[in-house]
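The chain below stands alone and is given in structure tokens; this is the form predicted alone.
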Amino acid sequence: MTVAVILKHKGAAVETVRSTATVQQMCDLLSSKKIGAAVVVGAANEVIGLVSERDLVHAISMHGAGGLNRTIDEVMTRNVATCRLTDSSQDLMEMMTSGRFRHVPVVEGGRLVGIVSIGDIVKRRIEDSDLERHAMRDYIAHAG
């Protein structure tokens, strides 16, 4: 299964934020959208970072309530691993596991086209396994 297949089923919508946003604004965004991360984009909509719940917790732990007034530029993860539509879910799972992160922006031709989480991959793999199991059951039931 490829990243393109995952995005086809989950959709390609990506929440983005500018580096000038505050930690409080980011907390509000993640809470209202019920998501775990957002991509930080620059002036040309290029990926310059990623902010996850982990980054926000770290900022508040380090700076207390004052951390909520920090800018995303101060707390975001800068060296963001990205993937392409043709990458396999297996390769992505290995990258996420070894890097200890749960969200990967999808970039094609320098353009942000989606985001994939470990939850998206697991959900798709379970759905595929269920389809395969039902197909095998039907095949066996009709083969006899």
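A residue's number is simply how far along the shown sequence it sits, counting from 1. Since the structure is predicted, the reported quantities are computational estimates derived from the model, not experimental observations.
Omitted from view is the form predicted together with a small molecule, to which the following refers.
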- Message: Give me the residue from Met93, Val113, Met62, Ala81 that has a heavy atom within 4.5 Å of the small molecule in the predicted complex.
- Response: Ala81
- Item | 4.5 angstroms heavy atom contact with the small molecule in the predicted complex for Ser52 | yes
- Query: Do Val104 and the small molecule come within 4.5 Å of each other in the predicted complex, heavy atoms counted?
  - Reply: yes
- Message: Taking the small molecule as it sits in the predicted complex, is Arg100 near enough to touch it, meaning that at least one heavy atom pair lies within 4.5 angstroms?
- Response: yes
- Wondering, does Thr77 line up within 4.5 Å of the small molecule in the predicted complex on heavy atoms? yes
- Message: Quick check for you: of 25-33, 52-60, 85-93, 66-74, which stretch puts a non-hydrogen atom within 4.5 Å of the small molecule in the predicted complex?
- Response: 52-60
